[in-house]
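First come two forms of one protein chain, each written alone as structure tokens, so that there is a structure 1 and a structure 2.
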Structure 1
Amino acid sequence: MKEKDIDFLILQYLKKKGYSHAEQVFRVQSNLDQAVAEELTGKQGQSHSLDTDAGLQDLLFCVAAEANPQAYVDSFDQLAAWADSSLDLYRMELQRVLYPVFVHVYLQLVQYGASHVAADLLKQYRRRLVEVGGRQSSIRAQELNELQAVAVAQHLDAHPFAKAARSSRSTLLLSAYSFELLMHYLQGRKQWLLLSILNSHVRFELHEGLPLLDAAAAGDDEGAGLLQGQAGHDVGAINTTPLDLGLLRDGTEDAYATQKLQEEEERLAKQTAGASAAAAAAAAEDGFTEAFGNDMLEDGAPLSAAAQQASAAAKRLKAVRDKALAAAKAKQKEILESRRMPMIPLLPAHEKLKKSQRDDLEARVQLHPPDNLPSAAFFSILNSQQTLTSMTVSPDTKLVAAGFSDSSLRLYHLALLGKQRGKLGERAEKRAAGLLPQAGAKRARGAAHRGEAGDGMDVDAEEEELLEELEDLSNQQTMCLVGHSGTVNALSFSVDQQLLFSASSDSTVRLWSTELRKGLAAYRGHVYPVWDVAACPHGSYLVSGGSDRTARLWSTEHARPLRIYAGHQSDVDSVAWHPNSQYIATGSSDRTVRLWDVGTGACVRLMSAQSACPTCLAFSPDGRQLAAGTEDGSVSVYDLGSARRMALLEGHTGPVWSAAYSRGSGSLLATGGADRTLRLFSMPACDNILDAINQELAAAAAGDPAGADAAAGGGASGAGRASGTGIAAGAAAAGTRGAAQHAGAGTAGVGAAGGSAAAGSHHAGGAVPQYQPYQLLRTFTTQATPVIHVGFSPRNLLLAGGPWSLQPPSRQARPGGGQ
């Protein structure tokens, strides 16, 4: 019933009863002028065709039925029977209306205190509602399980699903004629209760023509859930917001690439000059000093075969190199022009950090799946199955930070761990060689100290010194940080690795100094547990997400949040920074992933996580794609420009707790989870400036048939390097050495911590597959460690870790997480 009809009925009632004063007050308070009131009451012609008695009867029926739970049950039963008896052409579309109506009928019954009636209705229709398009919908099954947990009226404002359902409007796609049939039935049968639900909680999108009979019309699994269409028509507006996903200008990698390209150009110029000199010398032997542009001697006699070959090789080599350099410079210019300026103030990187980043770029290993896969260092922490809740490794692989359920943090210094292992090995070797007394000597010394008889042996001074050194190393290698009063749920190092951020269930985020190993600040603003925290890749910002359904932007220089990002219908469980630091991504238990503009605080992308809640997020190095791991073991990869899911990666049999892209081209995605596996997926290569320049150099040389002949000339080695290996080869060689050094340190740290590296591995399908994007390349299975952290060092060493667990980990939630 329209609001105009209700106003008409009230005015008719007041006029019939002679309540002229009340009628006047109603007109004033309802903002009805005299003309509108006369039109409603019929004084200016009978333009309103509503029958007064019938309208009053309908209104009274609707008001009375709202307090009668059985009226809701009867109305829904009749609607289900009518949809099932519809013509085959329209039945599939009309049956789609049942699910959102059922959910809100259930919630209305709970609101009126008829929980037992609601439970019976759910039991009656559960099996039917879970089936979508002839198959079981995991989304609906999960939503109905959550709906079943809403048992009393107090849950309506406390349960996340109930709150989200009552505050949002789902979207249904129907043909125009199916919608007319539905409205004709509801109005003809006076189903005012159901009409009220549809008007308040459902938005219909109509299309012309015949009903859609494919899986999309019947309700595919991606759109079967009630909350899949939340935010309604706003989703389209949000996802068409223009984005500038380019990386920041004047980055260290761009400067490094420019420097290397200039060095390559100088090197090639020298080699070209050398090749020209060699050709000139060959021609001089025939009595002619100008080899280029002339194949004849001064007397008209032809050049010798050797002179002609040298001249042709020099020309072809110069052409190949000129072409390669021109292509590389053009690609470099194209990439640099796509860079953007920051819209928020960022602190410039200090020289020490820039030097460290350049060293990492020089030593970075270029990963090219499926053949060139990374080395891995895995860290397990003993005796922490029920207590370890979070873990992270510093980018320089010197520190491992771990958070525990007892509110403490621990920092493990990997270099000292390796040094201690070396000292223990040295001690064992000396004892085996008889250079140190055996363990019984120490017991003899203790007996003598107590006044007991002994054999007179004492510990050697060298043994004393070694024991003291081991004790010092033991005290330094592990540091316990205390400050939180709740479980430590997440950890994140700053870009310079001097600061460590921690998020806790005590509703705070704390800042720690890794050098002083002390707490520096506490950020208070969240009112419930904080589930995740992430440090900005540029500057002194951090972002946190918590159970209060918000994400908050902080600065190390301020104690209060700079921005609050609100919009999720449930806990914000995971957060991540875009590589350009101008956007942040949040994943929530409402099964959505949002992208926010850091400066304005506006939501610029809204994507559904489909079948389960997102548990971790990872941006590709170029910022064009976002990977979201979920609690059902799948990983969704989204294109941020179009806000569409590009791929669904499957393989895990438990929740995915961490994900990370490889550095540089981002051709690998590593994921780890509760199933105690670490998996590598192939990804589309990003537009990385170093790789792009090398590819242009290689492509230009490979496309010229003279490249093969040039190898026979004096500049053969130079031609090979001109084809693109000049920049990449040095980086790959240095990167291999760097990876080996890091792997050695990591292995020492693992052993000292008592962990185990990946116990076994196998290729998907038993053999190395040909490279294709979004394919499972390899699976590493740990002995007894669920993987709660995955990352890549700047040199592309794969880092992962977790707690030693003799029992299978929980498949429901990450330790200390928000699910």
Structure 2
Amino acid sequence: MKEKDIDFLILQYLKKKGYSHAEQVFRVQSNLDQAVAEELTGKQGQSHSLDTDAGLQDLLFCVAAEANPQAYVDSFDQLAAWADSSLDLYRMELQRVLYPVFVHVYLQLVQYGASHVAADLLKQYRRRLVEVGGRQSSIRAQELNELQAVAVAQHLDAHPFAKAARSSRSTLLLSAYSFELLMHYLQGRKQWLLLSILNSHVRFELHEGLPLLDAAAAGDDEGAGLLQGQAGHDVGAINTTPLDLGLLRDGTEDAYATQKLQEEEERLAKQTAGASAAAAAAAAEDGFTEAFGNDMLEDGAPLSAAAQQASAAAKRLKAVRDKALAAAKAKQKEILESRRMPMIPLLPAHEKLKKSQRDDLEARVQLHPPDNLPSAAFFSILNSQQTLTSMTVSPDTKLVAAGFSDSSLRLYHLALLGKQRGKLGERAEKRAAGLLPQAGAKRARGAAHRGEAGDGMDVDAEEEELLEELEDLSNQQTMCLVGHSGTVNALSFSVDQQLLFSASSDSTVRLWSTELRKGLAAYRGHVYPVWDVAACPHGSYLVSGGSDRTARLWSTEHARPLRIYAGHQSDVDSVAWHPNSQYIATGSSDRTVRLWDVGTGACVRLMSAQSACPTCLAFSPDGRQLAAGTEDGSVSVYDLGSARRMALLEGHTGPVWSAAYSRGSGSLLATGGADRTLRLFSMPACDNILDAINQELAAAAAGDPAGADAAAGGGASGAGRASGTGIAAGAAAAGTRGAAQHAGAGTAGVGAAGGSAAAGSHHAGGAVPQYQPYQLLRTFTTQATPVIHVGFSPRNLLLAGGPWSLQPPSRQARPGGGQ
């Protein structure tokens, strides 16, 4: 270390402290040449090379810099200029270094009290920093906005972003040569301030080879923000944990499929027996005629030929059917082998539930992307534009539950609602047709009768009866459940729809009984608002996620949580159960989606959701894929085994509030969002045991006209039930006021009914037409109602709901006022 440098620094220190006397003495005694001293004072803030320990270095840097925040600004300007002027090959990588350095320079300036200098710097560089890979990065824009709010040194401890930035290390991926270039520059130009920042706040990951030119390839999209790479070093370890994603053994669908296969086997055996009996009878006749002789030969010949043909045909059919049956059995075995045992205690389902599930399976419509689209019912809740926060439909589609921001829940009994409307509608019709006397006339007569001044408040006896009935029924059609003391954020029915779970901002999760219409229990554990709750597909568990960054597993029998899933950096916004009930997915505001093992509580997958927070999650029916809808309208589909993103579905222009896969083969994904649309996307079909068996049998039946009729009959009976449920759904939709506006959904219903009739012919056709996955198939827009809930019933009826809203103000401002 040059003595002159040390002297200079001491001189600066004395000057800064105002020890003029000591400064003069020092100057004299150290024999500092005046010219040299002036030259050195000219280079403000630039310290010279120091070989001594880092502590002394840092102290001197601080001293040097504190006097002059401009030093930071100059250093940064020079770095930016240098990065811009470097060779094209390295420029992109070097420019990526600027963002973390900028953030920390800003924070240092704020710490030293030079907040206007910091603000000027921000203004100067903002536009340039927000651009990443040629387009605006929303994370960076957000972070820069937050940075702008940090203006005083006290904010550094209080502001979450500032605190996180100063306490963590961000990761930068650079090629080895770019790193060398950077170090040469910084050390050569003696930019100690920037070096100290890089030392303490940035971690470099070097990779061999050429610098990455493509911003996307360099992971810039995901890592554009400052705080992205915090869990970077253990993501790799997390994402290679072995997973067992198969469905559970002894499921209702498997049992149903086995039963169906057995029935098919018996039926085919009978048919072949019948055919061979017919052939034998024909042969017997033939033998009879032959025995009787030649005069019947002309008639006998075609008979024998026919008999021969019949027996040959019978043999062919038998061969084909046996092959089909064998193929179906092989497929069933293959699928059943992928089933697994549960690792957590689960209750076996009771018979009533199993029976209703079997009925649903029998009536389930098979949905197939280009033409077989579902029937849909949309429930609009009136007078709830500012207050409706959550909605869900029970598995048997008899109840709709809605949660409001005034902390109440309402249960709507759909069948009763429809019936009541029918009665009122009838009376209204009759009155309009003049069959009933006008209400006013009757009241006047009644008043005259009683000799009172007719103030119009008397109602005649008949109407009174009807009103009483209405009051009674209205207690059952719409039940208001009160118990929470904060907004109800999420609702979930249990599988046997006896229980309803609700999550609220008052930090409790409550259990309600749907039959008793009463609140039974409150689960307290989150001390912060609970954002989402989900009921286990196999039993008495529920999972809730809240603002305390954890998700908790509860059993309905215990008041304390059984498992706590901690690991997210920010609120847990959504939770979902895997179809085999052994894994849970959580989406959080830290822009990641995690998969947890229910029993052990360990995180087994960590997937980043690009630049937006995931708002809803949906598992595919076979449990291998997970769809996550985000705040910026994109839906990411992840493959859980490899933790990679399979597809990014664009389409929505606002946050996606709800997503659901269709049942069975999961070939459709329905999403609803704040942009007031309901969209259908095609997905790759999953392995579904029923569909596989049906396909095999139908393919075989293609060669056999009798079999084709049977298969078409089977398909058509499914279609018949489908159109039955379609009509029922239409009636339910008509029962709510919003149906008139959702004509789109109505026509979809009609189209689907026609489509499902075509399904039968498809099966008879044998080959399943291929379709392109991950495509946007349909968009249904409502006038102004955001879609907050989307789901498929067990019979593949598409259900959606939202708060009915008026048209947005921009459209209302038209002078003509046309509506």
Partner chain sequence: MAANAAAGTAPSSSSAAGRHTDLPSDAVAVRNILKTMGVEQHEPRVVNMLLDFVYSYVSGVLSDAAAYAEQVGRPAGEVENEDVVLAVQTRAQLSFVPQPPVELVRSLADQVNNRRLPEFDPRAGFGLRVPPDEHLLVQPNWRINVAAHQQGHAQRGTH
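Rigid core here is just the name for the largest C-alpha set that superposes within 1.5 Å across the two forms. Residue numbering: sequential along structure 1, first residue numbered 1. None of these values were measured; they are calculated from a predicted model.
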item: Form selected (criterion: the form predicted together with its partner chain); value: 2
item: Core superposition between structure 1 and structure 2, C-alpha change of residue 327 at least 2 Å; value: no
item: Yes/no, residue 345 Cα shift of 2 Å or more between structure 1 and structure 2 with rigid core fixed; value: no
item: Core superposition between structure 1 and structure 2, C-alpha change of residue 169 at least 2 Å; value: yes
item: Backbone CA shift between structure 1 and structure 2, residue 116, after core fitting (angstrom); value: 4.8
